[in-house]
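What follows is a single chain, given as structure tokens, in the form predicted on its own.
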Amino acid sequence: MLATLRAALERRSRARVHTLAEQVERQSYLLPRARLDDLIQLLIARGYRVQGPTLRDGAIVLGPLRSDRDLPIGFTDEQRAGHYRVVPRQDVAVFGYVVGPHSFKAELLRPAQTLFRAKREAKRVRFIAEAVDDSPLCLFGARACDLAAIEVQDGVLRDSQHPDAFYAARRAASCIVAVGCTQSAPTCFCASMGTGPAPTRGYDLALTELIGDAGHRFVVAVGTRLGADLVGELGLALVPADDADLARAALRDTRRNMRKSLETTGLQEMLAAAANHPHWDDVAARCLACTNCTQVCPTCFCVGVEDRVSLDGSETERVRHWDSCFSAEYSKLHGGAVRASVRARYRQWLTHKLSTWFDQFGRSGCVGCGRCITFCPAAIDLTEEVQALRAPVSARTRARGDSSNGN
């Protein structure tokens, strides 16, 4: 089964056409706003379950799209550290917001996944393997940071020596319609991570929204043969040169206007040497260890496993569920937890995300989406913590840090 999945993924890889920048320079297409629903209906007709941004319970979250009316049209999000609110816009932009608490991770690495079941029958136990879900899935409205996060998870869960069959099957069956960001939030720092705001790879189609005197429309870039087929079926015309220029300018302005950044020069080495920095105590005093940052992070993949047994003991199922390195139980071995303190758990998360992830997977585990900043109830800002850890430490302060609890 895994060989079949890998072959399908290799075929998709060979079908890649051009990046967004190349397409804008060469052949991009024009999708009038009135025809956005035609794209959604075409995807549905092809058998895709379309999942994208919807407005629910005062937040922009992922849900099923049956038409363009399900999208959060005319709404935007206010974000800052520890603050998220959805408010009306002054126009009818379809994608006039940034990212919400949900990421597409939940569609590919499900929050709860049954691994197998067991059933007692007479004097024997029958084990039943859980079938993988390879039904067609469209991830609609993915931002550049989301695409980067999927690429990170691909490296861990699909392309490693021990791929996860459930993830790989859903990934192979997925189609991605990305969206270029024409605005950023105060918590966004994707530009400094090299992951946005323009999608550059990992999509079938990428849309850049334009609203102005020439009307409401989208510049469409093609990323795969599937994307080219969709454009062909829609019968889209090539984009006018003026609109191509406007799309480039909109994406450029978003990058230029991004206020937050993370200095990555020497970051891996700095964090590796900062295990006893006294600032870990400061952040631990504020951190609630609530796991919010890891739950909203689009790259975190920590999981736990539990067995659920029926009351009469005749049936059981083994379920894998999202977990977090912020949980005291996560590092528990015989005799107690390896990382017993909040200090140790926050240090583990930040150091792994920005430093030792390179050792394991050859890249950063952070894509600069800013979700961990927005949805932290203590308003802890990862970029500010890194800056504090870069500050020089006096000998006396270093000694105090060395003598503190290393756990």
Partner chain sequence: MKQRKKKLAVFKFASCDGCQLSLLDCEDELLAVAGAVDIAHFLEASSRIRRGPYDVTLVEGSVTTEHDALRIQKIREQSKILVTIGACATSGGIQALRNSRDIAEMVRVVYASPQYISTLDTSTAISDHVHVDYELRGCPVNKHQLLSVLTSLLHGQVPRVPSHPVCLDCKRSGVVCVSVVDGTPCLGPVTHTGCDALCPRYGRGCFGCYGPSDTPQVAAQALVLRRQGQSDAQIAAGYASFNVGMQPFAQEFAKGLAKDKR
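As the structure is a computational prediction, the values presented were derived from the model and not from experiment. Positions refer to the first chain, counted from 1.
Just so you know, the form predicted together with the partner chain exists too; it's not on screen, but the next bit is about it.
This chain lacks the partner; the member of 91, 245, 263, 306 within 4.5 angstroms of the partner chain in the predicted complex by a non-hydrogen atom is 306. Of the listed positions (169, 287, 185, 109), a single one reaches within 4.5 angstroms of the partner chain by any non-hydrogen atom in the predicted complex, namely 287. The partner chain is not shown here, and in the predicted complex it never comes within 4.5 Å of any heavy atom of residue 114. Contact annotation: residue 311 falls within 4.5 Å of the partner chain in the predicted complex, judged by heavy atom distances. Using a 4.5 angstroms limit between non-hydrogen atoms, residue 352 is distant from the partner chain in the predicted complex. Of the heavy atoms in residue 329, some are within 4.5 Å of the partner chain in the predicted complex. Partner contact region in the predicted complex: 318-326, out of 318-326, 237-245, 192-200, 269-277, criterion any non-hydrogen atom within 4.5 Å of the partner chain.
In the predicted complex, every residue of the candidate spot (83, 342 and 374) has a heavy atom lying within 4.5 Å of the partner chain. Annotation for 29-67: interface residues with the partner chain in the predicted complex are 56, 57, 58, 59, 61 [heavy atom within 4.5 Å].
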